[in-house]
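Shown next as structure tokens: one chain only, the form predicted alone.
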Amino acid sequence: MVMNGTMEKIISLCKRRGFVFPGSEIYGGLAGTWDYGPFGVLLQENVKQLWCHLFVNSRDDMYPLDAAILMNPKAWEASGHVAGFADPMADGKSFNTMFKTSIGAGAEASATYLRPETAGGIFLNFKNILDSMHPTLPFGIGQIGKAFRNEIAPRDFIFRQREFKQMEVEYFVRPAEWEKAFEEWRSLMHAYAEVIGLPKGSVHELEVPESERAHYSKRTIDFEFEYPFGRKELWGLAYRGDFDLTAHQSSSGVDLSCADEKSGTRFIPHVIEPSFGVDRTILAILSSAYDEDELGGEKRVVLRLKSSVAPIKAAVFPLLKNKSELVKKAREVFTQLKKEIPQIMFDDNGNIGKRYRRQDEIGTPSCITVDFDTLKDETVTLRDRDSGQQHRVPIRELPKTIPI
């Protein structure tokens, strides 16, 4: 991985190739906001879908949720965010980083907040999941959604923003079983790093000392990544104890306890929270994948993305764009293949070399070229992004040959 000046190069590539754009750019921008372009959206969806599969859909003890961004402000008072969710300012004063807004108009308007984390909505829906799904402990609730923090100094591209996305699980366990669950989720988080293509050994654990943990946490591990601007927090794993459910039960007056099947006694479950920032994950992927090398005597920029997260799995070219028979056949191959692999694209802009370089820059693992031999024997040239090597493949075998 190239480190010198990598951050500036990644930002430039992201804008040039349609991954991430500065927010409100035509009006001079808005600090701490970024917009995902076409390839950025596809990369982001892959990251989220892989998370959903590993942490929610492939398990029988997990339930998905999509809670509202706006909540009753009493929820944030109970959770401690109103009193304690603050950053120190330069003059020593504290500054609450929650975005305050109002609901209603005029004298009838009431104040509330844009959620600073997605976990709050999960705890407020704990009883709804109990009553509607009838789960038995241990079980978890997973959610992907936006969160908002009025950062004093947003920085480092999409690493620290005012509007960002989180993927979070709240996993509810019996108090005596928290350590077992903690270790299980710890291993799963490392497995996810491998699934999305972060190099082995690039994610480091930091045991957070008590003095630096959040007010609710009884144990926290930060999963750190070596970004171009230094080793920083990527994900977090926290043991929240029974703080949240106890606080909301006390504040709302609603019973949030569970019954023990054997003894019949009721207790408040404890919680393990694996938390992932979507944007920080994407930045880690881009930082790992960005490379510069020389291929065929020419320098190139390449994103060595794992095929599972690559926004485009394959691109189909006609060898020459001014030969109608090649263009027609390439379109046929593209249309046929897209039915089985939706994330492919057709490209006939510029010469073949420029097309290869363009696809290398967006991380496309495979390029398929339709040439005059294709018209004779129904085979195409398949080019590998990383090595540049090419070989002939029958069109009918493409769906099982292209890594997705």
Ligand code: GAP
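For every residue, the number given is its place in the sequence shown, counted from 1. Remember, it's a predicted structure, so these values are computed and weren't measured experimentally.
Missing here is the form predicted in complex with glycyl-adenosine-5'-phosphate; even so, the following discussion is about that form.
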Given a 4.5 Å cut-off on heavy atoms, tell me which of 290 to 298, 260 to 268, 190 to 198, 148 to 156 is the interface stretch with glycyl-adenosine-5'-phosphate in the model of the complex.
148 to 156
Please tell me whether any heavy atom belonging to residue 166 falls inside 4.5 Å of a heavy atom of glycyl-adenosine-5'-phosphate, as the geometry stands in the model of the complex.
yes
According to a 4.5 angstroms non-hydrogen atom cut-off, is residue 178 in contact with glycyl-adenosine-5'-phosphate in the model of the complex?
no
According to a 4.5 angstroms non-hydrogen atom cut-off, is residue 216 in contact with glycyl-adenosine-5'-phosphate in the model of the complex?
yes
Going by a heavy atom distance of 4.5 Å, is residue 275 a contact of glycyl-adenosine-5'-phosphate in the model of the complex?
yes
Here the chain is shown alone; which of 143, 161, 79, 112 has a heavy atom within 4.5 Å of glycyl-adenosine-5'-phosphate in the model of the complex?
161
Quick one: of 326, 302, 119, 282, which gets a non-hydrogen atom within 4.5 angstroms of glycyl-adenosine-5'-phosphate in the model of the complex?
119
Contacts with glycyl-adenosine-5'-phosphate in the model of the complex - residues in 219 to 253 whose heavy atoms fall within 4.5 Å:
233, 234, 235, 236, 240
